[in-house]
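Coming up is one lone chain in structure tokens, specifically the form predicted alone.
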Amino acid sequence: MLRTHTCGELNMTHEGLEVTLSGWLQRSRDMGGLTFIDLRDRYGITQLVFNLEVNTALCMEARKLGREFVISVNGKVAERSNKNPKMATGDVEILVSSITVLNVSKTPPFTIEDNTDGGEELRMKYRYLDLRRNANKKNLELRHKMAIETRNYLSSLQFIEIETPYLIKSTPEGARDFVVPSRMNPGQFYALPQSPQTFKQLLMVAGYDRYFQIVHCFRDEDLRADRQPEFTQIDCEMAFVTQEDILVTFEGLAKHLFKSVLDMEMGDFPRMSYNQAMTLYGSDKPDIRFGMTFTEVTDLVKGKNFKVFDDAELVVGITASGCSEYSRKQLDELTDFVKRPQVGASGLVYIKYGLDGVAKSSVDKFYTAEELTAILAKFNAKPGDLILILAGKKEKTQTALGTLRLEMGKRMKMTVPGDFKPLWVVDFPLLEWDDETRRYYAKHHPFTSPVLEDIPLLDSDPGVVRANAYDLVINGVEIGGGSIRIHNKELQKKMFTILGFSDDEAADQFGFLMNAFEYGAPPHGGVAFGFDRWCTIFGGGESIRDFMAFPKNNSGRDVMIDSPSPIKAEQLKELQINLMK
């Protein structure tokens, strides 16, 4: 064998044992008559010792080896004289008797260390080298453990893992599809699935009442830290259930993962309606690790000839405790922050409630001292507090203030690593109106069932209908969500009509599902969790890329294999695709 042990398992119980280790040369140090080599494999690092006086040839051979050479050594386990408590194998070393070079290595373009000197783009180009670093190894081990524990939990509840197709039919709703040309059907295309949604519903019709899949999905959309063109979902569906059944089941999964992966006991998750989340936090995925909830003052501040407030649909603010001493420069920075296009506010109003009990505001000329005091009372402000207020259209203003709240939370260091605050957000709107296209779109997807008591409103006021839908949010990140599905053909047909589908379009896109509903579709619902996001949250990471073996960059490119790339003219001809302009 090329190894009897790994580089992470030897300790004093193995002293005197003859062993064979194999791995990569992490670093070497020449110390006069001794040469030390740190040998690394996936499991850890073990120190090797070569003694110039004991075996001159062997020691000189070791000194010729370069970083990342692949070597195998034989030797005896001995106690280290200078023990390293930071290493699992830090009590021992190997007195090497022979060495075999299994492969040589070029000098890597960056150091294979925890604190590497390589930039992100360079490390992505040489991702196979970057994956040798401990940080990435730990991330992938965490991902593996979460996948195993997910399967264990769901299997224990009689869920069955079933694979669904990757080559499916393109649909117009949601994000853009990746499409795949069919050689055998010229001019026609498959799509890569954005989710297995319709297939898992068909599995419910087929009688597989508890399905799950850890599945790859694909979306051709603009990228950011929590998005990739290909990503992984924990995809689940259940039949003969209510929303409560699903929330209990998958809150159980979340608690199981917290315990088995992070050794954390979690209490019951709070639940919050969509309207409450927007009213208090300005987000449908609120970070509840800290307070700073919204206070509305619309009626209190109108009619004072301050046009910004007088013309606003909503005037709302937050209290930044202990920040009344913010300088003009700091306040200008916050004003610039909310004016950024990504936030979209037109400006920022502030009230400083000084430690001396005096209120100073950016709108002093419109409001008397008594009126400012009344506003401070509405906020339950104390001396030393800073009130930050935005005004404008309701939803836009709520969202902008929600972004400002998160920014203040960061500046005030109101969150700590390892603190997790999950919650369920429920009662989302079923539909959202788009002024540009003058039509409704599904807030989640077209198969989401309305709340039963709201179904009559589909004919008279569809915009107020609530969805029987739910999202799991952890620390301000939407981990996933789902809904009770429509399982009645007539209701599904009505939903397509509201979304602007003609009968022919609905039949063309989803006729197979509508037909299945005629053969005894049971009540059913499900959920899909972003597996990459969940791993990132548990691992304390900033980007899901760090928890994927071979991610794409922000341009959707794999710079390691140089993809996407052109294909040969012969392939295009076979596919009957003409790229000539």
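Only the largest set of C-alpha atoms that superpose within 1.5 Å between the two forms is called the rigid core. Start at 1 with the first residue shown and count on from there. Bear in mind that the values here come from a model prediction, so they are computed numbers and not experimental data.
The discussion below concerns the form predicted in complex with another copy of the chain, not included here.
Mapping the unseen interface onto this chain, Asp562 counts among the residues with a heavy atom inside 4.5 Å of another copy of the chain in the predicted bound form. Within 4.5 Å of any heavy atom of another copy of the chain in the predicted bound form lies no heavy atom of Lys64. Using a 4.5 angstroms threshold between heavy atoms, Phe250 stays clear of another copy of the chain in the predicted bound form. The closest heavy atom approach of Phe36 to another copy of the chain in the predicted bound form falls outside 4.5 Å. The single contact residue among Leu202, Ala78, Leu331, Val261, judged by any heavy atom lying within 4.5 Å of another copy of the chain in the predicted bound form, is Leu202.
Contact with another copy of the chain in the predicted bound form, judged by any heavy atom within 4.5 Å, is made by just one of Asp114, Glu163, Asp459, Glu395: Glu163.
Taken together, the three residues Trp24, Pro523 and Arg557 all come within 4.5 Å of another copy of the chain in the predicted bound form, as judged by their closest heavy atom. None of 270 to 278, 376 to 384, 92 to 100, 68 to 76 except one has non-hydrogen atoms within 4.5 angstroms of another copy of the chain in the predicted bound form; the exception is 68 to 76. Using a 4.5 Å cut-off on any heavy atom, the residues of 143 to 163 that reach another copy of the chain in the predicted bound form are, in sequence order, Arg143, His144, Ile148, Arg151, Asn152, Ser155, Gln158, Phe159, Ile160, Glu161, Ile162, Glu163. Comparing the forms between the shown form and the other one on their rigid core, the Cα displacement of Met12 stays under 2 Å.
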